[in-house]
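Form predicted alone, single chain, as structure tokens, below.
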Amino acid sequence: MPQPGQVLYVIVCASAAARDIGRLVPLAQDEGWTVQIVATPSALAFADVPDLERRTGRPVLSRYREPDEPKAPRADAIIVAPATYNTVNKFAQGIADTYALGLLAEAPGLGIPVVVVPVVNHALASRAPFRRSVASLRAEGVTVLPAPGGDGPHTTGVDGRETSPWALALNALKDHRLRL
């Protein structure tokens, strides 16, 4: 469990799965997290921004702030969900060409726990660049969950129990924090 007031950044990428990211917010809040959504510019078309802002009570961030704008609170942990092929590869290479990737580029160096939930198809998950990127991120202490088509799919169990990527990401974050 996080300490009171700890902030979880949820970085959302452009994927159809981004439409369901609102399901992660109450799960994280129920565990005590203050949730800050950060969307890649392309993800804004996929996510329901007004709903996410209502759920979190915070603006969805997608760009660097202007000099006169207040700073967002520092992240205590980060979940990247859904993480696209492009974002996983750029994160591994340290490319910081968006606000979201800039946050990710710094996180391992700052000791911020990061859990990545790749949502890529089998063809992309099987590519050597993606496999190298996953290995590189894991070598830096980033938790990368199995990708559908890669190490195995994320589903909802027959009994309706949540085994979605959102619940799995929170569980992985708990495991990651226990190791620290």
Ligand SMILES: Cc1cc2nc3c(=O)[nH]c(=O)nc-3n(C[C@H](O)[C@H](O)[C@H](O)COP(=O)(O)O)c2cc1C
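Predicted model, so just to flag it, every value in this text is computed and none were measured. Numbers for residues come from their place in the sequence shown, where the first is 1.
Beyond what is shown, the protein has a form predicted in complex with the ligand; the following relates to that form.
- Message: Is it true that A16, N86 and L124, all three, sit within 4.5 Å of the ligand in the predicted complex, judged by heavy atoms?
- Response: All of them do, each having a heavy atom within 4.5 Å of the partner.
- Task: Could you work out which of A28, V120, L137, V38 is the residue within 4.5 angstroms of the ligand in the predicted complex, going by heavy atoms?
- Result: Looking at the other structure, the residue within range turns out to be V120.
- Select, from the options 108 to 116, 41 to 49, 65 to 73, 138 to 146, the stretch whose residues sit within 4.5 angstroms of the ligand in the predicted complex by heavy atom distance. Every other range fails; the passing one is 41 to 49.
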